[in-house]
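There is one chain below, alone, in structure tokens, taken in the form predicted alone.
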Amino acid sequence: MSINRYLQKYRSALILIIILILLPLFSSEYIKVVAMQIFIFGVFAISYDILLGYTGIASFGHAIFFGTGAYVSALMMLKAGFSFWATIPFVVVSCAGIGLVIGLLTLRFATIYFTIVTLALGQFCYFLLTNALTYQYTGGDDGLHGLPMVLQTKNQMYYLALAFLLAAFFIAKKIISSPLGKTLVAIRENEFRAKMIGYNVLNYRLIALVISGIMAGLAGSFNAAMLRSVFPGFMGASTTIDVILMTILGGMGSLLGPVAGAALVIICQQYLSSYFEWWLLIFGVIFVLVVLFLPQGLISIVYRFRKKNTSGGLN
């Protein structure tokens, strides 16, 4: 593909990236923090979309991985004196191990069983963090604070979060475009047919869960580094609900959709809650309207616009 054709094909994406790169130069500190939250939760939503949108598995305990990544990094930095970057391999191994255990115990059964068990495990982990027996390690309801700074300035943290999102998106895109990704979609569309042509559905679902769990754990780790704190809520049901809303609102089965959903949810949380006491009611109305008029999510607007322009060009 020539450079001109490449630039034309990805023009919108390149313009958006340039805007995001320039954003810290003319925005307030608050906007930078909100943008970093969108980047990090965008990765979290992408990880959930790999599980739900591409593999067809609904987890109600996905915050387990997000919280694990956050607490592993926080504990190793505060208790063992590790740098943030040195904790990353431990986050990957921990989340992969948890994904393997949960997957081996639940994925061989009906998907509804997996959904219920992950919900129960998520609540168990949440209460474990707030239990008096673990207070000296987890800080209980207060969480852990005072994590060492990863980078010195907000601008540097902003660019790190942006690079994290772009890297995660690129890796997820490669996975989904690979034979593995196409197999996951085939399993989602027709599990019985996938079994009949020889695919080991359990193994592929297990791989998807592990990949999704690692990505979610890394998002939790970066979130802890950005906030310099961790809280039990990172592993709570509300965090899982947030990521489900992000994925559905943005558009399942499209990696860009969950990022758009993350932006919508976080902007509503940050701004609507500042101006309206009943902001959850307003957000509920937005959710209903998106589901009714954009059943494929916010990303469907982009697809319709692109299709319209393509059709116009052909005429």
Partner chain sequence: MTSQLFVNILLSALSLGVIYFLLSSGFALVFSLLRVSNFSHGSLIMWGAYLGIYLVKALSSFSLGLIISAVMIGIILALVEFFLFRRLYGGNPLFELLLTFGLIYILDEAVKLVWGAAIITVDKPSFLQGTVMIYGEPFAILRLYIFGLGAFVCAGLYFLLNKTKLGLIITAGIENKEMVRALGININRVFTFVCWLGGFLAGIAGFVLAYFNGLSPEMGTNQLLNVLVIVVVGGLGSFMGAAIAAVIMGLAEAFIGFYLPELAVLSSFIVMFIVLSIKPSGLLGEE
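Treat the numbers as computed from the prediction; the structure is a model and nothing was measured. Numbering follows the first chain given and starts at 1. Rigid core here is just the name for the largest C-alpha set that superposes within 1.5 Å across the two forms.
From this point on, the text means the form predicted in complex with its partner chain, which you will not see here.
Proximity of Leu52, Arg108 and Ile116 to its partner chain in the predicted complex is complete: all three residues have a non-hydrogen atom within 4.5 angstroms.
Note on the interface: of 34-42, 65-73, 255-263, 277-285, the segment with non-hydrogen atoms within 4.5 angstroms of its partner chain in the predicted complex is 277-285.
Between the options Tyr159, Tyr137, Phe127, Phe82, the residue in contact with its partner chain in the predicted complex by a heavy atom within 4.5 angstroms is Phe127.
Though its partner chain is absent from this view, in the predicted complex it lies within 4.5 Å of a heavy atom of just one residue from Ala167, Ala96, Ala120, Leu202, which is Ala120. Of the heavy atoms in Ile241, some are within 4.5 Å of its partner chain in the predicted complex.
Proximity of Leu22 to its partner chain in the predicted complex falls outside the 4.5 Å heavy atom cutoff. Shown alone here, Ile301 lies farther than 4.5 Å from its partner chain in the predicted complex, counting heavy atoms only.
Contact annotation for Val291: at least one heavy atom lies within 4.5 Å of its partner chain in the predicted complex.
A movement of the C-alpha atom of Phe26 falling short of 2 angstroms is seen between the shown form and the other one when the two forms are aligned on their rigid core. With a cut-off of 2 Å and the rigid core superposed, Ala58 has a Cα displacement that falls short of the cut-off between the shown form and the other one. Between Ile286 and Ile31, the C-alpha separation grows by 3 Å or more in the predicted complex, relative to the conformation displayed.
Cα-Cα spacing of Arg205 to Pro295 is reduced in the predicted complex versus the present form (difference of at least 3 Å).
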